[in-house]
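Encoded as C-alpha cells, the following chain is the form predicted on its own, with no partner shown.
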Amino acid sequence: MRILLVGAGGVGSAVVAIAARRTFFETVVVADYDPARAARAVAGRDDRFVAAQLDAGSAEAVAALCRAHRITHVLNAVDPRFVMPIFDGAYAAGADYLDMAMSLSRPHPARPYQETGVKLGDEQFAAADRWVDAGRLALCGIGVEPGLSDVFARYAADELFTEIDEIGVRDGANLTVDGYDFAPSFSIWTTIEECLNPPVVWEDGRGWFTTEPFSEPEVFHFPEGIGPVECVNVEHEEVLLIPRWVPAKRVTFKYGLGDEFIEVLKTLHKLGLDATAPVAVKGVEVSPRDVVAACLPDPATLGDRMRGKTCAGTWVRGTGVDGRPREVYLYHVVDNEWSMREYGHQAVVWQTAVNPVVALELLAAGAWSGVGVLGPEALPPKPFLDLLTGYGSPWGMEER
C-alpha cells in the first residue's frame, strides 16, 4: 500500500505519528501546500515517510503527485472545501480515496430551516457509479465523527438490536486550554461550517429535513468522568450516511458546544465573519473566515496546555435481541494527558486521526473491501472495533 496523505496540519501530523508504529504500508507521501509543514510532519520518521508540496485545490496536481509516487490510496486530511478536487484527483489517478469530512452542503435557497438543499456528500454520491465502474473505493467520513460513530451504529444494528427507534450521535468533552479565553480544539473553519449551517435530521417516512442551528438542546451524560454536557443539533455527515445502510426510525447528531462557544459563533455570523467569499480590505481580497482562523491559535499546538477528555459516541434506543426495550451508548474516550504522553498530539486531533489509519490497515489486510462511494457503516464493524482496541485505544459501551 502506497498512501498519499494530503494535509500536514493537526490531524495529518497525528496520522503520521500513529502510522509510524504500524507495518502494513510501503510508503506515505505527506503533502501540504506549505512544504515546510510537510517536512516537519515527517521529521525523525523512517524512510517510508516522504514530504511533498501540493495544491489541494487542484485535481490535476493531486493526480500528478499520485502518479509520480505510484499511490494506491489517498487520505484527505484537509478542510472539507478541498474534498472535491482531492476526490476527483484520486479517481483520475486510479487510486482509492478516504476522507474524514464529505463534500460541502448548500442550504435550500427559500426554506433553509425546513428543507435540505445540496446535502453533505451529495457531490460525491453523484459520482458513485463511475467509482463502481472503475472498481475503485471512495470510503467517505472515516474520522471519528463521522467514522467511528458510524461503525458503532452498524455494530448496534448487527449485534445489539432487532429494531432501532433512534440513533443519536453525541459528542462532548470537558477539555480546557490554559491561558486562552477562547481556543477551539479543532479547525475553526470546519467548526463554523458545521455549526452555523442548518442541522439535518432524518426520520423514517419523512426523509432528511433541516432545523434551526443549535436547536433541540438536551443534557447528555458522558462517561469516564466527563459528566453532563448540553448538546444541540449540528449539521454532520452521520445523519446523511447512517440511514443509507442502517435501518432506524430517526437519526440525529448533537454536539456539546457550551453557551460561550455558541454565543461566539452567533456573533461571528451576525458580523459576517463566518463568510467564505473574499471581501476587499485596503486593496487585498481576504475571506473573513480565513481571517478568524488566522487570529486563533492552531489547534495542533495546544496539546501541552489542554486538560481533560473528549468523548465521541453513538446513543441507540430500540428493541434488543431479547425482544425487550434497550438503550445503549457506544463510545470512545481519549484523555489528552495520555495522547500527549504517548504520541505528542492533543486528544481531539489524535482521536480523529486514529480511525483512518485503522481503516487503511483493514483495507491492506483485505478485512475491509468494496467499490463505489461508501460510508463506514457499509462495512463490517467488528474487525474495525477489534483493531482499534489493538491500537491501544479501546472503546466502551454503557447500558442506559
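By rigid core we mean the largest C-alpha set that fits within 1.5 Å across both forms. Predicted, not measured: the structure shown is a model, and the values here were computed from it. Counting begins at 1, following the sequence as shown.
Absent from the display: the form predicted together with a further copy of the same chain. The rest refers to it.
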G272 near a further copy of the same chain in the model of the complex, any heavy atom under 4.5 Å?
yes
4.5 Å heavy atom contact, R324 to a further copy of the same chain in the model of the complex
no
Heavy atom to heavy atom, is T276 within 4.5 Å of a further copy of the same chain in the model of the complex?
no
Using a 4.5 angstroms cut-off on non-hydrogen atoms, would T267 count as touching a further copy of the same chain in the model of the complex?
yes
Please pick, from A126, C295, A110, A134, the one residue with any non-hydrogen atom lying within 4.5 angstroms of a further copy of the same chain in the model of the complex.
C295
Which residue, D204, D178, E212, E260, has a heavy atom that falls within 4.5 Å of a further copy of the same chain in the model of the complex?
E260
Can you check 158 to 166, 227 to 235, 280 to 288, 196 to 204 and let me know which stretch has heavy atoms within 4.5 Å of a further copy of the same chain in the model of the complex?
280 to 288
Do you see a C-alpha shift of 2 Å or more at C311 between the shown form and the other one, with the core held fixed?
no
Would P288 count as moving between the shown form and the other one, using a Cα shift of 2 angstroms or more after superposing the core as the test?
yes
Classify G94 as shifted (yes) or not shifted (no) between the shown form and the other one, where shifted means its C-alpha moves by 2 Å or more with the rigid core superposed.
no
